[in-house]
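This document starts with one chain, in the form predicted on its own, laid out as structure tokens.
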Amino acid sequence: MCQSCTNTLLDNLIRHGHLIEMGVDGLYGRSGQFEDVVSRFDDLITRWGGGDGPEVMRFPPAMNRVHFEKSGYLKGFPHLAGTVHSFAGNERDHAELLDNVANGKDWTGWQKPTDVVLTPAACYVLYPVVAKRGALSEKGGLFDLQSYCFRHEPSKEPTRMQLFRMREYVRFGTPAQGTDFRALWLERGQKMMAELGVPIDVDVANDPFFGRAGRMLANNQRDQQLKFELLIPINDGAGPTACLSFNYHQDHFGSTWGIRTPDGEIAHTACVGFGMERVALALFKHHGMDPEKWPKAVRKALWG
């Protein structure tokens, strides 16, 4: 990968004020103009998917630690997880903590895990909520989610943020309902992104599983074609970036959480995920840093 080319894009975004440096790779503030683009893309997603009648839910960027542990995320992605710790000492410990801070020493020894962790993907919060409701209806379930998510992978690539927003539609039901949903969005997603005038490609993909066992999981995921990604070239000198993801989980989450169809079978799930910041970055990359000068067709798709 051409690191200097990637930095050129990042520097350009910062110079124009679209991203605001915060002193940590992958952690940025966003300008009002950047946020407006994200908001308009959010509206575009709703125009394409809102007519299906999903139940809308919005969650904070943190989830129940017990639910997180049960989800199995640590089996596949321990390197990406983010936990929330807080001070658990006494007054003497507090004095030592302040002394360590003043002298540039490690002050985290008195930190203990809390009951929450940072949300790794928007849908992880949803599964225990649906499970608590009992068996699905004959129609299954369809949900519209958005959340800030965290993944610990600091990078100079502007597309690889540590905190980012993910919008998802998540489908629950029979295997046929799951695969039909994904097929529908594989087609929809390409049509929707074509309105934005950016170069796209769709390919079989896999999640970034950890370690040797993870490589086997990734190979199985690819072999079964459980995951597809819509790719857009954004970082100069690097491969294209996944901006939309189309996933069929089979019965993984249904089995984990005991979610069942009306006939007692384990429910299958599928989802389509939209990387909100990544799509905004793709638009700035391909149409320029001034949205007022973007092609008329693109502005019409976003601003009407």
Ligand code: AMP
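In this text the structure is predicted, and so the values were computed from the model without any measurement. Residue numbers run from 1 along the displayed sequence.
Just so you know, the form predicted in complex with adenosine monophosphate exists too; it's not on screen, but the next bit is about it.
Contact check at 4.5 Å (heavy atoms) against adenosine monophosphate in the predicted bound form: none of Asn235, Lys285 and Val298 pass. For the options Phe164, Phe209, Trp107, Phe143, the one in contact with adenosine monophosphate in the predicted bound form, meaning a heavy atom within 4.5 Å, is Phe164.
Using a 4.5 angstroms limit between non-hydrogen atoms, Gly273 touches adenosine monophosphate in the predicted bound form. Looking at Lys227, you'd find a heavy atom of it within 4.5 angstroms of adenosine monophosphate in the predicted bound form. None of the heavy atoms of Arg182 is located within 4.5 Å of adenosine monophosphate in the predicted bound form. Looking at His268, you'd find every heavy atom of it more than 4.5 angstroms from adenosine monophosphate in the predicted bound form. With adenosine monophosphate omitted here, the record of contacts in the predicted bound form names 244 to 252 of 31 to 39, 56 to 64, 259 to 267, 244 to 252, defined by a heavy atom within 4.5 Å. Contact residues in stretch 139 to 155 (any heavy atom within 4.5 Å of adenosine monophosphate, taken in the predicted bound form) are Arg151, Glu153.
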